[in-house]
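Presented as C-alpha cells, the chain that follows is alone, the form predicted on its own.
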Amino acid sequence: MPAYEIAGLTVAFGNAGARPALDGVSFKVGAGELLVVLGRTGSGKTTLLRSISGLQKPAAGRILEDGGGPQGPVDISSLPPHGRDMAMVFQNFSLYPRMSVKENLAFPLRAKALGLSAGEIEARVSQAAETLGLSDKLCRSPTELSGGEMQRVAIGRALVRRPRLFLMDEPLASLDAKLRERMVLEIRGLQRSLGCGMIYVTHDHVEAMSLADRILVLDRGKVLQAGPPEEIYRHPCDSRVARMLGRPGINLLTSEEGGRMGLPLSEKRLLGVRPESWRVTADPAGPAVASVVEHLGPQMALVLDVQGIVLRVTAPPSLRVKAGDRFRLGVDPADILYLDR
C-alpha cells in the first residue's frame, strides 16, 4: 500500500480576508498507518478529508502518493475523485433504504469504469460481509438493522472497493457509547488485517487514543502537533492540545496560582497538571475542600477548591469522599507540564 504526503494544503471559503478553512496543512501518512485527525467542530477536519479525496479543490498545496516505485512520489492533486482510488466513510450512513444490504455493498462496484464481472462483484461482497459479520444480513433492508450494523454496511461499501487509502469522517459519532467502543475495536482490527492506510477524523479524544498509530491535532485550520498518542498526551505543545486530551480535563494554572500552591515554577506562563497526577490525602486541616464528588466506577472525579483555585482531580473509590471534606495535595514535579500558552 502507498504512503501519502500532504504538502501546504490551503482551502479558503467566502471573502478574501476570511480565515482559511485549511491554512498550509502539511503531514505524512505512512504505508499501512492509521492516522487520527483530532479537532473540535470547525477545525477543518472534514474539509481536509474532502480535499484529499478530490471532492474539494484546494487553493494551494499538493497531495503526493508514493507507491514505493522507482519514479518516487506522484502528485495526484489534479486527479478527479475516481482517479485517486480512495474510499470515504461519512458520519451519516448514507445507505439506500430500498436496496438490501447486499445491493448496498455491491453498488459501488457496478461502476462501468471498474469493469468488474458479476462473479468478481459477488466475491468481493461475500468477503466484505464475512469480514464485517454481515453474512446473515445480506437480504435485509437497512431499515431492519441496528445502528452498529448500518455503520458496518457503510464501512463495507468502502471495503469492497479495496482502496489505496481509507478516509473516515467521524463514522461513529451518531452511535451510543457502548456501540462506539465495540466499533473502535472492529475498525482497528479491520485496518490492521488489510494493512492499508487510513485517515480517521474525530473530535473524541478517547477514540483518537484508542485507534491511532499517530494523532494529528488540528485547530482553526492549522496543525498544532503530530505524534504518537502517548507523546501527545504527555508532552502537548501548548494548552490547546493539552485541553483536547483527557477526561476529566487538565488543570491549567497561571504562574501566580502555581506559586500560591507551592508548585515549582519556570519561565513558562502556564502550569498543567493532569487530574490523575495529584496525590490526594484526607486531612481535616488540609487546604483543599471537595465541592463536587462524581463516582465513575473505577475512580472518583473530584472538584476541589484550594483557596479560590478550582482543581479537577481523580481518586480511588476507597477514599470515601463527600462534599465538604478536606485534603492535602501533592504532585511529582516530573508530572507538571510547563506551557507557553
Partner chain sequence: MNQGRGAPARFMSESSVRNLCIMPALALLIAFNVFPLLASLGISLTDFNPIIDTAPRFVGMGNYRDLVESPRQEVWRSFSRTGFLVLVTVGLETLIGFAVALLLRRSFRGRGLFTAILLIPMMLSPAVMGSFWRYLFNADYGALNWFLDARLNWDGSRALAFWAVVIAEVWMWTPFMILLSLAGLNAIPETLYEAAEVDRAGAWFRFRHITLPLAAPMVLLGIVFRAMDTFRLFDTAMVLNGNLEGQHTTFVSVLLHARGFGGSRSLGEPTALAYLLLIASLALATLVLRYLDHVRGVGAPERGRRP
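Just so we're on the same page, rigid core means the largest C-alpha set that superposes within 1.5 Å between forms. Residue numbers count along the first chain shown, from 1. Worth saying up front: this structure is predicted, and the values here are computed from it rather than measured.
The form predicted together with the partner chain is left out here; the points below concern that form.
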Does Asp204 reach the partner chain in the model of the complex if we count a contact as any heavy atom within 4.5 Å? no
Does any heavy atom of Leu194 come within 4.5 Å of a heavy atom of the partner chain in the model of the complex? no
Non-hydrogen atom contact Arg214 with the partner chain in the model of the complex at 4.5 angstroms: no
Considering only heavy atoms, tell me if Pro248 and the partner chain come within 4.5 Å of each other in the model of the complex. no
Please pick out the stretch from 69 to 77, 228 to 236, 107 to 115, 125 to 133 that is in contact with the partner chain in the model of the complex, where contact means heavy atoms within 4.5 Å. 107 to 115
Report the residue, out of Ser210, Ser100, Ser255, Gln91, that has at least one non-hydrogen atom within 4.5 angstroms of the partner chain in the model of the complex. Gln91
Using a 4.5 Å heavy atom cut-off, are Leu55, Arg157 and Ser174 all in contact with the partner chain in the model of the complex? yes
Could you list the residues in 28 to 45 that come within 4.5 Å of the partner chain in the model of the complex, counting only heavy atoms and keeping sequence order? none
Fitting the rigid core first, would the Cα of Glu144 be found 2 Å or more away between the shown form and the other one? yes
Align on the rigid core first; then say whether the Cα of Gly115 has moved by at least 2 Å between the shown form and the other one. yes
